[in-house]
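Before any questions on how it binds or moves, here is one chain, the form predicted on its own, in structure tokens.
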């Protein structure tokens, strides 16, 4: 334990959901924590959240897009978790690359330029890099990578991915060694982040690990942005008594993973040399339909809200489930269920008083804004 006391860990985006839980886990192991976060207004309203303050962490308000802020934050640091990110499906495409990709290049630029003794860099990527992934044609038993579904398909309500024979194709779980085909700017910027980090890490001898997280769930996930995150949206809709908005026909599948399991993966990578210069999926190991997930939220919240099915988002994938066998070979595995994550989030949401501040009008407008 004493050997760890001199090891300083920098966590970018550390005021956020994944970052703060990772900070707490590492602090319990004796690491000293420094957090760099810009406290963006639509998440933190420019203030350090209560769960971060008064824990002895060194807090730096700064921006990962600025080299000077990186240089300040990296002083004396042994390990870096680069978790800060710009997310969602927005039209300011360049901001995704500025925040997610350029910031990664700046990190390595500072380490190499100043010859900093950083022992390891661990980065957050996303399941979104796979796009629609790989499918198997049931007619010919061949595999193929589908393109983004067309606007005409969506308009016709043709939700399923079809094979060249116009038959319903069978999705395969995402595997780290398959081709990737991101469908939106977030996924594109994360793929660019991966390539940048692994290449620069290998070239300059900086051990680097990349995690492709599935949909992470649990407490501290900001409810302020109601335009992303099924858990946040469904919980707010359920507690507000408005319909839960399920896109397409409800049979799209997703892979949900508990924040506790994600933190376990993050901690595992810190000292495990087998993870150097590797990419890993971090998921729950089980496919859930979005409709089934909405029904679970209804059961746990005991809401009378109905489930409204229909509409679509242009860059949504049909099925997104990750193969987690590579990381499981290192002894990691998901231990917490989706139902646990939902209950945990509801409890935290109410404890923080968010249930008394739900933007009901915004939730209704969100429903109206869905393309039909």
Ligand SMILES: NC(=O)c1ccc[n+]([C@@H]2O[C@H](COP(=O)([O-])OP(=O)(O)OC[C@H]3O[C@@H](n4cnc5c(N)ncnc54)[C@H](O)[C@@H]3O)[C@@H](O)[C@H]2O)c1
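On a predicted model such as this, the values are computed, not experimentally measured, just so you know. Residue numbers count along the first chain shown, from 1.
Below, we turn to the form predicted in complex with this ligand, even though it does not appear here.
- The listed set 32, 336, 44, 318 contains one residue whose heavy atoms approach this ligand in the predicted bound form to within 4.5 Å, identified as 44.
- The contact with this ligand in the predicted bound form, taken as any heavy atom within 4.5 Å, belongs to 85 out of 297, 85, 107, 169.
- With respect to this ligand in the predicted bound form, the three residues 13, 16 and 125 uniformly fall within 4.5 angstroms at the level of their nearest heavy atom.
- Residue 269 falls outside the set of residues with a heavy atom inside 4.5 Å of this ligand in the predicted bound form.
- Using a 4.5 angstroms threshold between heavy atoms, residue 215 counts as touching this ligand in the predicted bound form.
- Contact annotation for residue 344: none of its heavy atoms lies within 4.5 Å of this ligand in the predicted bound form.
- Contact annotation for residue 209: none of its heavy atoms lies within 4.5 Å of this ligand in the predicted bound form.
- For this ligand in the predicted bound form, the listed stretch (170-178, 243-251, 77-85, 153-161) containing residues with heavy atoms inside 4.5 Å is 77-85.
- For the stretch 43-69, the set of residues having any non-hydrogen atom within 4.5 angstroms of this ligand in the predicted bound form comprises 43, 44, 62, 63, 64, 65, in sequence order.
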